[in-house]
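Just the one chain here, the form predicted on its own, laid out as structure tokens.
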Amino acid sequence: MNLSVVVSTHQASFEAVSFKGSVGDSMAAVAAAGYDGVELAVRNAGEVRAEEISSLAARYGLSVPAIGTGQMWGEERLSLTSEDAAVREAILGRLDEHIALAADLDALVIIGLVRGVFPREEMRETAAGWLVEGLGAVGESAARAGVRVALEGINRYETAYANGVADSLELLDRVGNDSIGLLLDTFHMNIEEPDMAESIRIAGDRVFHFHVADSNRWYPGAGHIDFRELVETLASIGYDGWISGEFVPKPDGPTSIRKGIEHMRPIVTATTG
């Protein structure tokens, strides 16, 4: 298991990224802190040049394990479950650009809040149908490109659908595409899962990516989550992917990424050797 941290390629309102803006400066800071990779939160993948990202990553000795898509919701309110059919069609095109970028960078694509928030209960089943249809299209595009997609379970206070492992697995079963798995995030799991370690075991080989933040969404070690137990559980299910820090930059970005890796690196090393 390798360690990465999330940075944004552009300025954005979403708080749980360590740095925003200059990718080069962000990568320099992440590499100096001792991480193996940098996960990119990308609003418009068509404006990001894979060659430049690859060159910067090589300069700093980093991999790019994942491409996030949530800023399309956060900044533009675009989603796979919009009541506007034109928006649902447009978002598929935008996600195709993320998939193309991920293919060039050997990364996976994350589907979080870009799925929508399901605010109207009377539209729940209709929106769920749109989501299954949209994820099916995304999965087909990803499979053609040789890219994996990770659906993130997000807590009930942010969206009303696919909050925990159980209902996220049910959604994946409805979609029926092996290119799509799960992203488990400890911040959301701490709210939704009665037993986080057991939920990891239930998810099993459908875990494609793993986000860490402590119970207060600060860096690991700043709250009460037992990350040693969770990493040991990941190892027990054969997970050998990335553990990526997605936490608020508090007290500041450099301090948060340093404290995060100081907590996580000994755990990963002791668990995996």
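For clarity, every value in this text was computed on a predicted model and none was experimentally measured. The first residue of the shown sequence is 1; numbering continues from there.
If you look for the form predicted together with a small molecule, you will not find it shown, but the lines that follow are about it.
- Contact check for L182: no non-hydrogen atom falls within 4.5 Å of the small molecule in the predicted complex.
- Looking at E158, you'd find a heavy atom of it within 4.5 angstroms of the small molecule in the predicted complex.
- Although the partner is absent here, L78 sits far enough away that none of its heavy atoms falls within 4.5 Å of the small molecule in the predicted complex.
- In the predicted complex, the small molecule sits within 4.5 Å of a heavy atom of L113.
- A heavy atom within 4.5 Å of the small molecule in the predicted complex is found for exactly one of A107, I154, I200, L151: I154.
- Judged by heavy atoms within 4.5 Å of the small molecule in the predicted complex, the contact stretch among the candidates 228-236, 23-31, 55-63, 211-219 is 211-219.
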